[in-house]
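Next comes just one chain, in structure tokens: the form predicted alone.
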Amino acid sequence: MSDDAANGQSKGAAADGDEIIRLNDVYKIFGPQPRGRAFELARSGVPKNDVQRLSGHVVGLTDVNFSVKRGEIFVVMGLSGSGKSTAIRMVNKLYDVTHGEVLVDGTDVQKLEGTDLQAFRRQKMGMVFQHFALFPHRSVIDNVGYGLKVQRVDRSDRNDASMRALSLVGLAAFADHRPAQLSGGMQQRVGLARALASDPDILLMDEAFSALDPLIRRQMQDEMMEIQDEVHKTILFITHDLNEALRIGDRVCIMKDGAVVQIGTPEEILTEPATGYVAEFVQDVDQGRVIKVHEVMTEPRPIPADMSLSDALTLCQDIAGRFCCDTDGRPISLLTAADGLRARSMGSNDLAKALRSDFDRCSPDATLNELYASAGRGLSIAVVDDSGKLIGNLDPRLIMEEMGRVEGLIEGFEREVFM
């Protein structure tokens, strides 16, 4: 696989014309001479550990290329030392690049200095940290409005903005409390509200939920996605937890040893792992929780209502059934081979006498886990759009076939590793 394929797009290509963040050919070397021998070794493809052994320098990022689309949740995921947190620190120039380009809404962030950089950060970005970093002596509303205070927004306006942000995270009633009076999850919501208060275009979230208990962490993920449905921010989210990445990300970037290994939707990461490293990560993920119906559904090919039963049966072949639709394309009945043959055995060639209406419907964005009960009936499931129009046919057998395909793909990578 080429580097461009692993990165999910060709270098320098726009992400459908609506990208807001782009890293181009970014390297970061830590050490006294970052642009010396260590950089040359890294650029020539020498592995991270060997660069450190040969030069005494640490490779943070190696030829990193990715773009983030406006309004999406883009998750950078990897283990400790993978470079994920270094990447996010390039976006707001907490780190200088050794080589490469970092663009945020068309501005080369790495060229900004002093007050220009400070103003750009305040206007464009909000940051949510792993640790809550709240002022214990300030009230919740004053913590949320602190960034606006630094920007010299008058108290009335910053309190209004703070209350709007607190309402978004469900903490308006706690505006006058102190942080010590709140639970860990509530304190993290205050941190999120603080980032939202200045209404930035971009939220940078570095392991934002990692310090929370698992149940609270899941609740925070839910709340963040609900908030995102309302505010439509661009979120660059860093995590070491693949389940979290697959749950919240519109797209996921997996990193290892400072390099991008694969970028894709959660479904693509799970069903099309690019390397054995990615396959290792996904092998323990509940596939049915991630794979969506649109990944496995087939063309519906409905049966005309005026067709004879004999002709309709030839169309059913070995699938679990085909649908008949009304004039607006909405499914109203289902023909299965078993029902058709039963009607034929009773001497009828009337299609209407073999049709049934007790079938299930689902959205193309439903996960396979949501459909296990329906699939257990053995009948085709009608995949419909928001208007109820038939857009796909989900044969229950396709669910198990897809699960088996993914498992076989992962096992294939494992065999390659151990051969």
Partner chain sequence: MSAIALLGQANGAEEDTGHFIDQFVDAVTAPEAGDRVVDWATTGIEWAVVIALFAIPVLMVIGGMRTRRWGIAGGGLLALLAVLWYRTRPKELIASGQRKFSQEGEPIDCVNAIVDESGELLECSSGLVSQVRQNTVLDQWTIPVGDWGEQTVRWVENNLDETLQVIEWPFARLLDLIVDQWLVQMSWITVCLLVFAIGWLVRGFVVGAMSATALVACGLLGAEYWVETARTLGFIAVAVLLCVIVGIPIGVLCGRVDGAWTVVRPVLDAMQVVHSFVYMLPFIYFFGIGFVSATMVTMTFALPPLIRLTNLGIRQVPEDVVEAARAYGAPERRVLFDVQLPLARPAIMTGLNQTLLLSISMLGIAAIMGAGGLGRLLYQGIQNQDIALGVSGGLAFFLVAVVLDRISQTDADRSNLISRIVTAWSNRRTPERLLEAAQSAANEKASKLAEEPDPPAEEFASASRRERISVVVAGLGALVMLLALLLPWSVDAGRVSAWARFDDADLRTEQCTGEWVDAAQLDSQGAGGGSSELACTGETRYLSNSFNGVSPSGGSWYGIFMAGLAVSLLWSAAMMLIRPGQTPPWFGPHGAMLFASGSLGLSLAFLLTNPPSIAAVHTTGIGVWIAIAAGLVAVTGAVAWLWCAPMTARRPLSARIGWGRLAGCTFAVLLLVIGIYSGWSYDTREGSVIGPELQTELDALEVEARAWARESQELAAQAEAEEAAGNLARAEELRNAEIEAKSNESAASNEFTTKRSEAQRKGDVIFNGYQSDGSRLGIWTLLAGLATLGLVLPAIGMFGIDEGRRYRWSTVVGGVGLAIALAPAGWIASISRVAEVNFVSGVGAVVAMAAGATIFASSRATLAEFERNKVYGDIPANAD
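Each form is matched to the other, and the largest set of C-alpha atoms that superpose within 1.5 Å is called the rigid core. If you're wondering where the values come from, they're calculated on a predicted model, not measured in any experiment. Residue numbers count along the first chain shown, from 1.
Another form, the form predicted in complex with the partner chain, is not on view; read the next lines as being about it.
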4.5 Å heavy atom contact, L215 to the partner chain in the predicted bound form: no
Y277: touches the partner chain in the predicted bound form, heavy atom cutoff 4.5 angstroms: no
Contact flag, Q118 vs the partner chain in the predicted bound form, heavy atom cut 4.5 Å: yes
G147 within 4.5 Å of the partner chain in the predicted bound form, heavy atoms: yes
Full three-residue contact with the partner chain in the predicted bound form, heavy atom 4.5 Å, for K48, G83 and L112: no
Partner-facing stretch of 242 to 250, 136 to 144, 301 to 309, 73 to 81, counted where any non-hydrogen atom is within 4.5 angstroms of the partner chain in the predicted bound form: 136 to 144
Residue among Q262, S333, T271, N92 with a heavy atom within 4.5 Å of the partner chain in the predicted bound form: N92
Listed residue (M220, V102, M127, V169) with a non-hydrogen atom within 4.5 angstroms of the partner chain in the predicted bound form: M127
Residues from 327 to 347 in contact with the partner chain (non-hydrogen atom within 4.5 Å) in the predicted bound form: none
Per-residue C-alpha change between this form and the one not shown, S139, threshold 2 Å, rigid core fit: yes
